[in-house]
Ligand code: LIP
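Read the single chain below, which is given as structure tokens and is the form predicted alone.
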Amino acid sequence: MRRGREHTPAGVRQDGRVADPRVPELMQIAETIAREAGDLVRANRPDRVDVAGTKSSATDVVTAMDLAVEELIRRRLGELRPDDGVLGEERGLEPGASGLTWVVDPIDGTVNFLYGLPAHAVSVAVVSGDPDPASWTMLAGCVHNIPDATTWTAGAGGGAWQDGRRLPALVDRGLDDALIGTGFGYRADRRRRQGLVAAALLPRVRDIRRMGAASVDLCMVASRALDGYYERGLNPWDMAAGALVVIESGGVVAGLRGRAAGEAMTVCGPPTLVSELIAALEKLDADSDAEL
């Protein structure tokens, strides 16, 4: 059963003021479409999932379900928001006329989906301006974990929610006590470098986890299942919805060396932890592919 939101309506601040009049509707659309996409995957997942193609490398796979889910999302957005643009992982950017762009990952964690592992999700977000993490304004987003239907939503100024429960503000902690999530790229040279960075960071933290779906990792930080998270190589669709969930739960999402979060590096968590994690990653040149 889907539970209704408690207490404060989506898109409304705790003081009762609407942050942006578009936010409640955009949040609802993001959640509705993400849930419909999740329903499609759960109802049609075959016993054996085959690879339909590859992208950046032989390990960067795409399945027929990825393609079908993105088609569903684009069709539903065309019905509900025909003037908006859409940036999707599988078909790229289709510009719109409204100044808003939906940034979608039909199945984030495709390899997990392929193997039947639990962390794979539909990620649907909407941003204002160019769909670029360095300049966009995030308005609303939803991450719907497909296997168990856990659903995170967020709206700019309206808080972050998990299955109808408003998420409390994150609790800050130091790096030594932190459980950190991360991920690895698809190219062998980058994975080798990322492994060296993780090995160097491991003695400085409580432990490191690798779930395999960036959007879920981000939301797990917001839900306090992880204390922090970092990853090099995220695309806009990997991070858009999850980043907003973190920010609206009181967290920080940033890059290294004063840059915005993005492909070079994405770091998230409560403010003090993020500062310490950024400092550690900068010393390791974790935004570089050069050998340590």
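Computed from a prediction, not measured in an experiment: that's the story for all the values here. Residue indices: 1-based, along the sequence shown.
Unshown form predicted together with the named molecule; subsequent notes refer to it.
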Handout entry: Proximity of G158 to the named molecule in the predicted bound form, heavy atoms at 4.5 Å
Key = no
Practice task
Answer with yes or no whether E89 is in contact with the named molecule in the predicted bound form, where contact means some heavy atom within 4.5 Å.
Solution key: yes
Practice task
Please run the contact check for T110 against the named molecule in the predicted bound form: heavy atoms, 4.5 angstroms, yes or no?
Solution key: yes
Problem - Partner proximity in the predicted bound form: W136 to the named molecule, non-hydrogen atom cutoff 4.5 Å - result: no
Exercise for the section: Tell me whether E70, W102 and P131, taken together, all sit within 4.5 Å of the named molecule in the predicted bound form, counting heavy atoms only. Expected result: no
Problem - Heavy atom within 4.5 Å of the named molecule in the predicted bound form - the one residue of R165, R173, R204, R210 that qualifies - result: R210
Exercise for the section: Go through 224-232, 27-35, 245-253, 259-267 and give me the stretch that gets within 4.5 Å of the named molecule in the predicted bound form, heavy atoms only. Expected result: 224-232
Completion exercise
Across 245-264, the residues having a non-hydrogen atom within 4.5 Å of the named molecule in the predicted bound form turn out to be none
